[in-house]
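As structure tokens, the next two blocks hold two forms of the same chain, structure 1 and structure 2.
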Structure 1
């Protein structure tokens, strides 16, 4: 029925919008809850001239009533005006974040995809070989990475592969001051820089999909249809990946969507350790400088990105699961 899917999408849209405004509201309220005036937090860049300071105060109406400030704040945010960064002044918060965004998307996009695929395959194998040595090793791996701080794992990698062995560069995404003869050469340099942080994020992200797939597939393997396909003489690999894994794909896709926030957390730490010029590292820099507009801006952009990603996953989910469509 087309009606129910429209209603489903509308519902998700309403949720998206409400959450969007809640994030804006959090950003609005936080500096105003703290001791001191909001001007102290939002318009106190050390390098800000008095004129610019006054202009910011006017733009955000910081001398007006709270309600007017709120309306003005929403208007500004919707226009993409998140104020100026203290640290990167005269760049705006939006410009700073957008210049960093591609690096994070690159790093996370690849590691997240790879980690999910490897995690699902390993999880399926672990379920297939339940209670064998392989299973124990894989589950221990998932446990170990679950209790390990990701930044420490990053520091170990950096220390052994970067400092001791000298195989990989220690920081950044590209060699500073390097002239590239071709785009290909630049890509190679980028790859050399990204191998360590990517490996760390992948190790960090493998655990959850591995454990979930393992338990879901273990359940599926006891089902009659799996036994039937085995009795039919299908090769085990086919049974595992074509039959046992299929019903698992739906809960897995919702689950990996939930993981998005977790992924972002991993990025903050990994980028900080490897000095990766992404949004995660930017948050760290902003915190170090107590650059409040930048902290808030990064929070806003990241939250909105995750929100949108979730919304897209919801849509895909509705497309994949007839129960959502036909309800």
Structure 2
């Protein structure tokens, strides 16, 4: 058994390494496929002399060939050096990203957790009440929210709840110029600003776990051990959540890790619409200015986070289900 675990971990590590190098290679290529170059944006600075522009171009390595830039990029990534941002120079890419990261972690962490919990619970109830009006409504809700473009949903919420009703702030994470008497008062202001973007992300994410849970639990409810527990007269809630939902927790845990990719995609659009000062908004700004190091750094950190999350879930899956180790 220990040998099978070791082999399984070794296979996952090899796969993780290969995926990592594919990701960072794509991360290098994609920004350079966009029209325009950082040189164009650096040359627009009216306060820069010709000598200063040339110095910046040499300093950022933009005078080198694409292959030389790629080799330099790989070396720097392996050393943990993500370089300097073109826009925020002389700040490093890591410093710029870390200054925005707490806002994104706060927004996405809560949204992701709430969406997963609500999606699983609603999916379980939809399976329990399958082929009823409740099931139809929940499935329709899941498909509707998942098919809506998140930026359109964000603008809709922003207009209706922010402009028409005036219930929530229109942008930002904190009120500009606001002086707070205490940390609690600042948190209240932060929560007030985050309600709309959080709601949009939750609605965007709630569909996949709801539909997956409904499918898995509906299959589990046909199993003999579930029917036996129902025949014993156990309370419906216990049958649903203890006997039907618990056995399907393994595929659910795997899928929720994959869902992180959707979270990141939704963050860029949502943070841009609501002008939320997080990493998603930072990526948008970096793309608009062709800030290659900042684009690469942001996507690198996000990609590594998703890869590590999936790797951890794979290990947990193998620990809970011995059959996986034999694959």
Partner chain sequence: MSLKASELVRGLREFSIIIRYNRKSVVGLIIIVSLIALALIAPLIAPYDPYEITGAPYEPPSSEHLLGTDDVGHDILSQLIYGSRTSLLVGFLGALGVVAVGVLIGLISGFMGGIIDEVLMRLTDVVLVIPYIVFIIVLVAYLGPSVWNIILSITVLGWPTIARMVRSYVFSIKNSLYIEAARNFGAGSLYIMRKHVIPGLIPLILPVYVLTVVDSILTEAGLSFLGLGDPTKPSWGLLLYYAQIRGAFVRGMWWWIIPPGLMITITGLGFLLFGSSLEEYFNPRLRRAGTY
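Being a predicted model, the structure only gives us computed values, none of them experimental. Residue numbers count along the first chain shown, from 1. For the two forms, the rigid core is made up of the largest set of C-alpha atoms that agree within 1.5 Å on superposition.
- Both panels show the same chain in isolation, but it is structure 1 that comes from the form predicted in complex with the partner chain.
- Relative to the superposed core, residue 284 undergoes a C-alpha shift smaller than 2 Å between structures 1 and 2.
- Once you line up the core between structures 1 and 2, the Cα of residue 275 stays within less than 2 Å of where it was.
- Aligning the rigid core between structures 1 and 2 leaves the CA of residue 311 offset by 2.7 Å.
- Lined up on the core, residue 18 has its CA atom moved by 4.0 Å between structures 1 and 2.
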